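What follows is one chain in structure tokens, specifically the form predicted alone.
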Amino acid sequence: MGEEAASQGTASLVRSVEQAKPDTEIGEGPGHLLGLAFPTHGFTAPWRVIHFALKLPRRRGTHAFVTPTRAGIRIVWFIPGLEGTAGYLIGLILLLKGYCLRGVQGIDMPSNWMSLHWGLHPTNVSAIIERARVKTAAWFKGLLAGRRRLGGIIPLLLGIALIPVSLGYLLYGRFFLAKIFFASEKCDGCGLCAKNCPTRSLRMEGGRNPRPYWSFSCESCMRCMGFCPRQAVEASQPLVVLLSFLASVPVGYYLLQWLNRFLPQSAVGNWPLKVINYGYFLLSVYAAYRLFNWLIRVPLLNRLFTYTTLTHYYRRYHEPKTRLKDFKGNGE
């Protein structure tokens, strides 16, 4: 989109969320156009993007568009991703802040969810990106020509049907997935993963032998796994099983059975128990991961989890033309 704007002589500024300065960089009025491009998580916008949109300054009449990217796959045929409510959720936030919504369009980019599957073959990556480039250029030309380009209605309807899944991801899934990462013995403690984490969710822990520790704010963007120079970052499937077992204990049910011995059954409603169960979920995942992060420093245990983890055997992936230093750039 930046290249298309430049080809038409339109000045543009491309910023990452980490480097953006919305208060000074977003102009007011119909002569300005704001675009938000971001990945889809759980068939909706990631919390980091929702939070960013909510903090944008109010602008009266500034035009805006939203481009959620979705996990495309190509094996023999192209298999599109599904952005669900991602585009229109952010579009609604922009409308409420006074922006004029001119466009919404989901774009397929190569799926990089290496916690689930290996990195796509370079041939398939190139094919998906080129297909996205052609689609984006055609869509964006119309936008620059002044037309309103609101697409993705069918994905929106499917996303509305999947709202329980999206809410489950925002409330449970993203916290759970944040705690399945660990560093194998290949890790040399360079700290590149922590320095380049877009959500500042990584910190290096340990004095003489620092290792990365993933906090709850991790959005599973896969930057650490994709760019680690030693391919030391792993996402453990055995740990998924252990955390699932611990987090599924129905503490609220057991508490209710105990309280019923002293109080009428109707005295304790469902909501307090749901809050207790949710609190237990977060606490159990945090405590188990803390223990795991300590035990994983034992070489034998580290090797055990490394060699029973599928990501250890996966092909790694990151966007081919992107380098680590690009994340700290000033944009153009």
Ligand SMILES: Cc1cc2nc3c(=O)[nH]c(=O)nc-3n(C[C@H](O)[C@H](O)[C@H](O)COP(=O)(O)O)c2cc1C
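Values in this document were obtained by computation on a predicted structure and should not be read as measured data. All residue numbers refer to positions in the sequence shown, first residue = 1.
Keep in mind that the form predicted in complex with the ligand is not shown, yet the notes after this line are about it.
Taken together, the three residues 47, 277 and 281 lack any non-hydrogen atom within 4.5 angstroms of the ligand in the model of the complex. In the model of the complex, the ligand stays beyond 4.5 Å of every heavy atom belonging to residue 201. In the model of the complex, the ligand lies within 4.5 Å of some heavy atom of residue 111. Of the heavy atoms in residue 175, none are within 4.5 Å of the ligand in the model of the complex. A residue is said to contact a partner when one of its heavy atoms sits within 4.5 Å of a partner heavy atom; residue 289 fails this definition for the ligand in the model of the complex, lying far away. Residues placing heavy atoms within 4.5 Å of the ligand in the model of the complex fall in a single listed stretch, namely 74-82, out of 230-238, 152-160, 189-197, 74-82. The contact with the ligand in the model of the complex, taken as any heavy atom within 4.5 Å, belongs to 222 out of 247, 222, 170, 127. If you take 283-318 and check each residue for a heavy atom within 4.5 Å of the ligand in the model of the complex, you get just 317.
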